[in-house]
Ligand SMILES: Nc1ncnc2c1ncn2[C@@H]1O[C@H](COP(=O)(O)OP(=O)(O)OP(=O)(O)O)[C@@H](O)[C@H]1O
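In the block that follows, a single chain appears as C-alpha coordinates, in the form predicted on its own.
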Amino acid sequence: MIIFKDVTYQYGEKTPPVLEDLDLIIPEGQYVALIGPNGCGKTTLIKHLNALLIPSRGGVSIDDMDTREAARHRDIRCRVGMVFQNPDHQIVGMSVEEDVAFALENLAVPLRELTPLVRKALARVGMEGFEKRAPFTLSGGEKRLASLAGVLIMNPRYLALDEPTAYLDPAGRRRILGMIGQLHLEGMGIIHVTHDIGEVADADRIIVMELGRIIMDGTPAAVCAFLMSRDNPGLEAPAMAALMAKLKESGWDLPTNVISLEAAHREIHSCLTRLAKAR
(Lines give C-alpha, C1' and ligand atoms only; values in the text may rest on other atoms or scores of the structure.)
Protein backbone atom coordinates (compact mmCIF):
# COMPACT_ATOMS: atom_id res chain seq x y z
CA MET A 1 0.00 0.00 0.00
CA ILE A 2 0.92 3.68 -0.19
CA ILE A 3 1.44 5.43 3.14
CA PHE A 4 1.91 9.14 3.86
CA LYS A 5 2.90 9.75 7.48
CA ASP A 6 2.95 13.32 8.89
CA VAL A 7 4.00 14.67 5.48
CA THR A 8 4.81 18.36 5.17
CA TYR A 9 6.25 19.82 1.98
CA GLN A 10 7.60 23.32 1.26
CA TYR A 11 9.01 24.46 -2.08
CA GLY A 12 11.29 26.87 -0.22
CA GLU A 13 12.30 27.51 3.38
CA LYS A 14 10.58 30.91 3.42
CA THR A 15 7.39 29.76 1.69
CA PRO A 16 4.33 28.36 3.49
CA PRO A 17 3.83 24.58 3.34
CA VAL A 18 1.95 23.23 0.34
CA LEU A 19 1.24 20.03 2.28
CA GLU A 20 1.04 20.10 6.05
CA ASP A 21 1.00 17.19 8.55
CA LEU A 22 -0.73 14.97 6.02
CA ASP A 23 -1.59 11.33 6.81
CA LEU A 24 -2.96 9.08 4.10
CA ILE A 25 -3.17 5.36 3.33
CA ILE A 26 -4.08 4.04 -0.14
CA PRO A 27 -4.51 0.25 -0.32
CA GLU A 28 -3.51 -1.65 -3.43
CA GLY A 29 -6.24 -1.78 -6.07
CA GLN A 30 -8.30 1.13 -4.70
CA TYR A 31 -9.66 3.92 -6.91
CA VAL A 32 -9.00 7.18 -5.06
CA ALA A 33 -9.95 10.62 -6.37
CA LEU A 34 -8.34 13.85 -5.14
CA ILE A 35 -10.38 17.03 -5.46
CA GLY A 36 -9.97 20.57 -4.20
CA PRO A 37 -9.43 24.16 -5.35
CA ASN A 38 -6.35 25.34 -7.23
CA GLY A 39 -3.31 25.51 -4.99
CA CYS A 40 -4.63 23.05 -2.40
CA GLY A 41 -1.73 20.62 -2.91
CA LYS A 42 -3.23 17.88 -5.12
CA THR A 43 -0.45 17.84 -7.72
CA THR A 44 2.23 18.23 -5.07
CA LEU A 45 0.79 15.20 -3.27
CA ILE A 46 0.88 12.87 -6.27
CA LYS A 47 4.42 13.95 -7.16
CA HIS A 48 5.41 12.31 -3.86
CA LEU A 49 4.06 8.98 -5.10
CA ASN A 50 7.05 8.22 -7.30
CA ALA A 51 9.69 10.32 -5.55
CA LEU A 52 9.55 13.29 -7.89
CA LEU A 53 9.28 15.20 -4.60
CA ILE A 54 10.60 14.16 -1.19
CA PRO A 55 8.83 15.36 1.98
CA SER A 56 10.32 18.29 3.87
CA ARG A 57 9.15 16.45 7.00
CA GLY A 58 7.51 13.10 7.50
CA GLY A 59 7.72 10.13 5.16
CA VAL A 60 6.15 8.39 2.16
CA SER A 61 6.41 4.66 1.53
CA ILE A 62 5.31 2.72 -1.53
CA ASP A 63 4.86 -0.98 -0.77
CA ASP A 64 7.33 -0.63 2.13
CA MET A 65 9.86 1.31 0.01
CA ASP A 66 10.83 4.66 1.53
CA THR A 67 10.97 7.44 -1.08
CA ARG A 68 13.91 9.00 0.78
CA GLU A 69 16.10 6.07 -0.26
CA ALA A 70 17.51 7.01 -3.67
CA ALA A 71 18.43 3.36 -4.32
CA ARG A 72 14.70 2.50 -4.31
CA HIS A 73 13.59 5.21 -6.74
CA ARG A 74 13.83 2.99 -9.81
CA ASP A 75 11.64 0.31 -8.22
CA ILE A 76 9.19 2.93 -6.92
CA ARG A 77 8.84 4.52 -10.36
CA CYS A 78 8.20 1.12 -11.90
CA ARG A 79 5.54 0.51 -9.26
CA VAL A 80 3.77 3.89 -9.62
CA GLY A 81 3.07 5.19 -13.12
CA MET A 82 2.50 8.93 -13.53
CA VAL A 83 0.42 10.62 -16.25
CA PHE A 84 0.91 14.39 -16.18
CA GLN A 85 -1.74 17.01 -16.90
CA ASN A 86 -0.07 18.14 -20.15
CA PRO A 87 0.84 15.13 -22.31
CA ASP A 88 3.34 17.24 -24.29
CA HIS A 89 5.49 17.31 -21.13
CA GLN A 90 5.65 13.50 -21.24
CA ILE A 91 6.18 12.82 -24.95
CA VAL A 92 9.85 12.46 -25.91
CA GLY A 93 9.90 10.20 -29.00
CA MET A 94 9.82 11.08 -32.69
CA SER A 95 7.14 8.45 -33.25
CA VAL A 96 4.46 6.93 -31.03
CA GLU A 97 6.31 3.62 -30.79
CA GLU A 98 9.56 5.36 -29.83
CA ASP A 99 7.75 7.30 -27.15
CA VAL A 100 5.98 4.27 -25.67
CA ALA A 101 9.25 2.29 -25.69
CA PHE A 102 11.29 5.04 -24.01
CA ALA A 103 11.09 3.80 -20.42
CA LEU A 104 11.94 0.19 -21.23
CA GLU A 105 14.76 1.29 -23.54
CA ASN A 106 16.30 3.04 -20.56
CA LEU A 107 16.11 -0.28 -18.72
CA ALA A 108 18.05 -1.90 -21.59
CA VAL A 109 15.22 -4.22 -22.68
CA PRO A 110 16.31 -5.92 -25.96
CA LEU A 111 14.58 -4.71 -29.15
CA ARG A 112 13.20 -8.18 -29.94
CA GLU A 113 11.32 -8.09 -26.63
CA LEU A 114 10.45 -4.40 -26.82
CA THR A 115 8.48 -4.39 -30.09
CA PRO A 116 5.70 -6.77 -28.97
CA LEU A 117 5.48 -4.98 -25.62
CA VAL A 118 4.93 -1.66 -27.39
CA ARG A 119 2.20 -3.15 -29.55
CA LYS A 120 0.54 -4.71 -26.51
CA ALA A 121 0.59 -1.41 -24.60
CA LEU A 122 -0.92 0.49 -27.55
CA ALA A 123 -3.58 -2.17 -28.02
CA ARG A 124 -4.43 -1.89 -24.33
CA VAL A 125 -5.40 1.78 -24.80
CA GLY A 126 -7.08 1.23 -28.18
CA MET A 127 -4.30 2.74 -30.33
CA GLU A 128 -3.35 -0.17 -32.56
CA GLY A 129 -1.87 1.06 -35.83
CA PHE A 130 -0.51 4.32 -34.39
CA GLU A 131 3.06 3.04 -34.01
CA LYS A 132 4.58 5.11 -36.83
CA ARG A 133 2.56 8.28 -36.23
CA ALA A 134 4.42 11.41 -35.16
CA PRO A 135 3.16 12.51 -31.72
CA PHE A 136 2.52 16.10 -32.89
CA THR A 137 -0.08 14.78 -35.37
CA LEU A 138 -2.19 13.24 -32.58
CA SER A 139 -5.28 14.81 -31.05
CA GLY A 140 -5.28 15.80 -27.38
CA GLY A 141 -7.04 12.61 -26.38
CA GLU A 142 -4.72 10.46 -28.48
CA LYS A 143 -1.67 12.12 -26.89
CA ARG A 144 -3.01 11.27 -23.44
CA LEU A 145 -3.61 7.68 -24.48
CA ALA A 146 -0.10 7.45 -25.93
CA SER A 147 1.29 8.82 -22.65
CA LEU A 148 -0.79 6.27 -20.78
CA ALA A 149 0.55 3.46 -22.98
CA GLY A 150 4.09 4.63 -22.18
CA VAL A 151 3.28 4.18 -18.50
CA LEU A 152 1.35 0.91 -18.82
CA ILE A 153 4.24 -0.75 -20.66
CA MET A 154 6.03 -0.71 -17.29
CA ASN A 155 3.18 -2.77 -15.79
CA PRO A 156 2.72 -0.51 -12.74
CA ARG A 157 0.74 -1.48 -9.67
CA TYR A 158 -0.59 2.06 -9.17
CA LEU A 159 -1.47 4.77 -11.69
CA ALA A 160 -1.48 8.47 -10.75
CA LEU A 161 -3.25 10.84 -13.15
CA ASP A 162 -3.19 14.62 -12.88
CA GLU A 163 -6.41 15.98 -14.43
CA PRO A 164 -6.32 13.49 -17.31
CA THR A 165 -9.43 14.94 -19.03
CA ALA A 166 -8.36 18.60 -19.00
CA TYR A 167 -8.95 20.41 -22.32
CA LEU A 168 -10.55 17.36 -23.97
CA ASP A 169 -13.81 17.34 -25.90
CA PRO A 170 -16.65 15.13 -24.57
CA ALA A 171 -15.68 12.16 -26.77
CA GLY A 172 -12.05 12.31 -25.68
CA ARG A 173 -13.11 12.71 -22.06
CA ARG A 174 -15.34 9.62 -22.21
CA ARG A 175 -12.55 7.62 -23.84
CA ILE A 176 -10.02 8.49 -21.14
CA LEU A 177 -12.45 7.90 -18.28
CA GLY A 178 -13.47 4.57 -19.82
CA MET A 179 -9.83 3.52 -19.96
CA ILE A 180 -9.29 4.50 -16.32
CA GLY A 181 -12.36 2.52 -15.28
CA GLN A 182 -11.16 -0.54 -17.18
CA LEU A 183 -7.71 -0.40 -15.57
CA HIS A 184 -9.35 -0.25 -12.15
CA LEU A 185 -11.49 -3.29 -12.99
CA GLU A 186 -8.27 -5.10 -13.91
CA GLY A 187 -7.01 -4.48 -10.37
CA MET A 188 -4.79 -1.44 -10.79
CA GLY A 189 -4.76 1.17 -8.03
CA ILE A 190 -5.87 4.58 -9.35
CA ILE A 191 -5.07 8.00 -7.89
CA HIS A 192 -7.04 10.51 -9.96
CA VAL A 193 -6.68 14.27 -9.51
CA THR A 194 -9.63 16.26 -10.85
CA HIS A 195 -11.67 19.42 -10.43
CA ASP A 196 -14.82 17.67 -11.64
CA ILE A 197 -16.30 15.36 -9.02
CA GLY A 198 -18.81 14.19 -11.63
CA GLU A 199 -16.14 12.21 -13.47
CA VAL A 200 -15.13 10.20 -10.39
CA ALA A 201 -18.58 9.04 -9.33
CA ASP A 202 -17.35 5.43 -9.59
CA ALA A 203 -14.31 5.98 -7.34
CA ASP A 204 -14.08 3.87 -4.20
CA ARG A 205 -13.22 6.98 -2.25
CA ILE A 206 -12.88 10.73 -2.73
CA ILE A 207 -10.42 12.85 -0.77
CA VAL A 208 -11.13 16.58 -0.48
CA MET A 209 -8.12 18.84 0.05
CA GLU A 210 -7.91 22.45 1.17
CA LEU A 211 -4.77 24.48 2.00
CA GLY A 212 -2.54 21.42 2.00
CA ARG A 213 -4.70 19.35 4.31
CA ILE A 214 -7.31 16.64 3.91
CA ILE A 215 -10.67 18.00 5.08
CA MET A 216 -12.89 15.11 3.97
CA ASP A 217 -12.29 11.48 3.03
CA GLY A 218 -15.23 9.27 2.18
CA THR A 219 -17.47 7.66 -0.41
CA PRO A 220 -18.63 9.74 -3.40
CA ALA A 221 -22.10 10.07 -1.85
CA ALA A 222 -20.69 11.20 1.51
CA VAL A 223 -18.37 13.73 -0.15
CA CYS A 224 -21.25 15.02 -2.28
CA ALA A 225 -23.33 15.62 0.86
CA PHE A 226 -20.33 17.32 2.49
CA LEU A 227 -19.88 19.69 -0.45
CA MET A 228 -23.60 20.46 -0.54
CA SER A 229 -23.38 21.58 3.10
CA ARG A 230 -20.51 24.02 2.49
CA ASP A 231 -20.39 27.51 1.02
CA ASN A 232 -16.98 27.58 -0.64
CA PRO A 233 -16.48 28.87 -4.19
CA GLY A 234 -13.33 26.76 -4.57
CA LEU A 235 -15.21 23.55 -3.77
CA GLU A 236 -18.47 23.66 -5.65
CA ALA A 237 -21.06 20.92 -5.23
CA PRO A 238 -21.54 18.60 -8.23
CA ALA A 239 -23.80 20.04 -10.92
CA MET A 240 -26.15 17.03 -10.74
CA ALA A 241 -26.47 17.37 -6.95
CA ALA A 242 -27.33 21.06 -7.33
CA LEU A 243 -29.96 20.16 -9.95
CA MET A 244 -31.49 17.51 -7.70
CA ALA A 245 -31.58 19.98 -4.79
CA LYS A 246 -33.50 22.48 -6.95
CA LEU A 247 -35.98 19.78 -7.98
CA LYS A 248 -36.38 18.72 -4.35
CA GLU A 249 -37.15 22.33 -3.40
CA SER A 250 -39.88 22.22 -6.05
CA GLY A 251 -41.50 19.22 -4.40
CA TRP A 252 -39.83 16.28 -6.14
CA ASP A 253 -39.00 13.31 -3.88
CA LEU A 254 -35.32 13.04 -4.82
CA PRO A 255 -32.01 12.49 -3.03
CA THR A 256 -29.47 15.28 -3.30
CA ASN A 257 -26.22 13.30 -2.90
CA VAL A 258 -26.15 12.41 -6.60
CA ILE A 259 -22.98 12.97 -8.61
CA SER A 260 -23.27 11.51 -12.10
CA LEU A 261 -25.69 12.23 -14.94
CA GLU A 262 -26.56 8.53 -15.11
CA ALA A 263 -27.49 8.41 -11.42
CA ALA A 264 -29.57 11.58 -11.73
CA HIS A 265 -31.40 10.07 -14.70
CA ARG A 266 -32.18 6.91 -12.72
CA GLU A 267 -33.48 8.83 -9.71
CA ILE A 268 -35.67 11.16 -11.79
CA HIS A 269 -37.06 8.21 -13.77
CA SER A 270 -37.82 6.37 -10.53
CA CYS A 271 -39.55 9.45 -9.12
CA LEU A 272 -41.70 9.84 -12.24
CA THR A 273 -42.61 6.15 -12.08
CA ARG A 274 -43.72 6.52 -8.44
CA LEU A 275 -45.81 9.59 -9.33
CA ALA A 276 -47.46 7.74 -12.23
CA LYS A 277 -48.36 4.79 -9.98
CA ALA A 278 -49.73 7.14 -7.32
CA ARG A 279 -52.18 8.55 -9.86
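From a predicted model like this one, the values you see are computed outputs, not experimental measurements. Start at 1 and count along the sequence shown; that's the residue number.
This next part talks about the form predicted together with this ligand, which is not shown.
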Quick one: is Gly41 in contact with this ligand in the model of the complex, heavy atoms, 4.5 Å cut-off?
yes
Though only this chain appears here, would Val18 touch this ligand in the model of the complex if you measure heavy atom gaps against 4.5 Å?
yes
So, in the model of the complex, is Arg72 in contact with this ligand at a 4.5 angstroms heavy atom limit?
no
Using the partner position in the model of the complex, report whether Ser95 sits within 4.5 Å of this ligand, counting heavy atoms only.
no
Stretch in contact, per heavy atom within 4.5 angstroms of this ligand in the model of the complex, of 62 to 70, 246 to 254, 213 to 221, 31 to 39:
31 to 39
Quick one: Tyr167, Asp202 and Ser260 and this ligand in the model of the complex, is every residue within 4.5 Å by at least one heavy atom?
no
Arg133, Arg77, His195, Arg175 - the one with a heavy atom within 4.5 Å of this ligand in the model of the complex
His195
Enumerate the residues of 153 to 186 that have a non-hydrogen atom within 4.5 Å of this ligand in the model of the complex, in sequence order, or give none.
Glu163
